[in-house]
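One chain follows as structure tokens, the form predicted on its own.
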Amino acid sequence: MDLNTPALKRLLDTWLDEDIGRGDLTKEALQNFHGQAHWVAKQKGVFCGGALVEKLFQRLNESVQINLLVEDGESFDSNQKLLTLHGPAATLVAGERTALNIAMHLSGIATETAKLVSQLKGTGVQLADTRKTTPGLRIVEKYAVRCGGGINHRLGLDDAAMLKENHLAWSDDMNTTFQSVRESAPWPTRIIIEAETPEQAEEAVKAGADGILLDELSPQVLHKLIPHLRDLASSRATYKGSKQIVIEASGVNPVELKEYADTGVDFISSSAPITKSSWIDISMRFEQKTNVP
């Protein structure tokens, strides 16, 4: 994740503005002190947000120094120190809650992702996220998924075209809808079609889709369906799209990830790493203060 983009800087400022507003009314009590502190985990997990925390504090005061003891994407144990901070005491207090909130939230996502990814170990199938994210936090929540070992699906509607059930329900037919998108979108655009039945999946391949999202179909159905779809894709006319096709399973019960991985899908997409995750409990402990020189 590029931490120097204008969009991310605006995001950091938005977070800080929400909590600090017109200014911390307690800062005068700490104005003449430097402080030293550290973060400690109250439970085990996978860390995420350290790089953001460093940028966030430096938006308040560039003199703040942060030493990451655990890098983003690394596991930690309960009672383990995660990072140390040193700088103006007023700045450390002002940024404390915002920094902890985002790190606890993102570490929860990274931890949940890692748990699910562990079920796919050795299968060659990857776990992808979805667009079910907290408004305003998508870029960092998807970063947390990557820290947990997952991969990112499209970031937004402008990344790839996905024809979902509503598109198909409100259209005359799948082929006409597909061709209208193919003709209007920029040439590098990939078009994915969501299929809820084997018949829809077959129709999508024949239309020329670059990818098929198989939604809420059982592993038993997919075992028979996926080889058939790949055979169709290899024989379709090249003017309708690449002979290669990417097949993903979605609407999957997280406890059945291994069963779905064994069906021959390329990856599994799930909102669970974000929507089902819980915050990891992290505390900031102050160690000492010194007079400002």
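Quick caveat: nothing in here was measured; it's all calculated off a predicted structure. Heads up: residue numbers just count along the shown sequence, starting at 1.
A second form of this protein, the form predicted together with a further copy of the same chain, is not displayed here; the remarks below concern that form.
Judged by heavy atoms within 4.5 Å of a further copy of the same chain in the predicted complex, the contact stretch among the candidates 114 to 122, 98 to 106, 70 to 78, 219 to 227 is 98 to 106. Contact check for Glu203: no non-hydrogen atom falls within 4.5 Å of a further copy of the same chain in the predicted complex. Proximity of Lys258 to a further copy of the same chain in the predicted complex falls outside the 4.5 Å heavy atom cutoff. Contact annotation: Ser270 falls outside 4.5 Å of a further copy of the same chain in the predicted complex, judged by heavy atom distances. a further copy of the same chain in the predicted complex comes within 4.5 Å of a heavy atom belonging to Arg59. Heavy atoms closer than or equal to 4.5 Å to a further copy of the same chain in the predicted complex belong, across 1 to 34, to the residues Met1, Asp2, Asn4, Thr5, Pro6, Ala7, Lys9, Arg10, Asp13, Trp15, Leu16, Asp17, Glu18, Asp19, Ile20, Gly21, Arg22, Gly23, Asp24, Leu25, Thr26, Lys27, Glu28, Ala29, Leu30, Phe33, ordered by sequence position.
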